[in-house]
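One chain follows as structure tokens, the form predicted on its own.
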């Protein structure tokens, strides 16, 4: 009789098989990757032990882009080629982003589609492509740390990201070779981290002030269910604006002329450093060396800094008040979670605590809490935690609707509706004999289409000619767990239907993504060889380090001078092979040294056994075996 192999839904039929999944916080200033290992979510550091990857990409050299600290170091020398805070440009139109681009000294290309493209030394680069470079580095870090390819990733986005910004983030992940399990709102990820670590219950406000975006979310936590009641924020407000306020203040104090782009970048970096120092000190000094001919420095006190950023902090509190009103709550909540590096500013913490009348929770590093929560959710979605003790009920940040006659917006799904969700509404024709209907999908809270964000258009054709108002056309909106939208229209009499999956107006086309992926495939062999070189170098380095320690301990005792000389000669050959690019030479050198050292390893093992058995009788050994 045949036996069936049975496994619970979502679980592997292979016992103890653990799938590899990560959570990625794609931040404006810094990005992180985290994973659940040994039942605990932790961030994954790079080779230098740093978990934070600066979200900076440099395109000053044609052969390769630089990401992270290496790119950051080139910001002053190549300001137009070094993309900083690129997240602020994701999914935005060229006209909408022109102000931020000018302030950062970026050069934007004239694009017929209206999308943002940066002019660099290697050509035009979109925010999606730059973000993909950051995600590629985090992807490689995760694979190298965990030892195998990933089964999926949860990537976080600001809660107030609209459809275009979310889809642009997902496109960037696709370019980076990541399988996206889910896009998760950053405040929700933070609540997951706190909810599971400290078992908090009740209503929680998550105040997320990062480098370039601000989010506020109100969640209700109860028995493992995370229900988002309301969300709000500003996708163009963050710590970068604090830095800019300091930099502008310095220029005003000095009555200095406009700085060159490279010098202004230097001033922004020093302003950021001053902001961080004022979190612990009452005053700091900002160096002007290299910025002005006379050099010097200017002092900034914490009180002066707080007066500069007070309007920005008040702006975040106004969003908090609106969010509480949307959630239909009083001014008090049970707990307040602080997320984002900018919440380290003492004035921010004090203002938030006073507003909510609660001491904010600071148990988890505000820079890491989002990545940690995303890693926990990824571990669940990939099937490593089949008990399913966590349910996320997120919401859409902005209303979704259709254009109707007169340029008006008919809202189909109101903002702060729990997702995933499906809503349908019936429409009809406007003219006699009308056989087609144009469907224009928009997003926003305004009543006029001209004031709303256009998401997509499609046409429903084949409507039978009828008198105006006789046709019954059902339009269905479906929003998935990632907050991405699909719209379908169906004429009920004939069954004719049409649909569209909303793609960003200012992202990459399917053709562009396919071309970029094809380019990555064409370099697959080069990438494979580079990985082999790295793996063989690591193997050789481990062999050399182990053999050096063994020779220092037992070489003089167990080897003759000729044998020692032979091993040292082979070790030197292997070091030279490590400096070259030939994989076969490196592999052969490693194997040769390994074989040459086998006899030495055997002698060391014999010595260890003799030392272990010293003073032990054979009778005693026989007694131990028999027992």
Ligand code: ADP
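These numbers were taken from a predicted model, which means no experiment stands behind them. Residue numbers count along the first chain shown, from 1.
If you look for the form predicted in complex with the ligand, you will not find it shown, but the lines that follow are about it.
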The ligand in the model of the complex: contacting segment from 351 to 359, 210 to 218, 470 to 478, 430 to 438, heavy atom within 4.5 Å: 210 to 218
Single option in 418, 307, 315, 279 placed near the ligand in the model of the complex, where near means a heavy atom within 4.5 Å: 279
Contact residue in the model of the complex, from 536, 136, 265, 272 (heavy atom within 4.5 Å of the ligand): 272
Residue 341: touches the ligand in the model of the complex, heavy atom cutoff 4.5 angstroms: yes
4.5 Å heavy atom contact, residue 239 to the ligand in the model of the complex: yes
Non-hydrogen atom contact residue 30 with the ligand in the model of the complex at 4.5 angstroms: yes
Contact flag, residue 162 vs the ligand in the model of the complex, heavy atom cut 4.5 Å: no
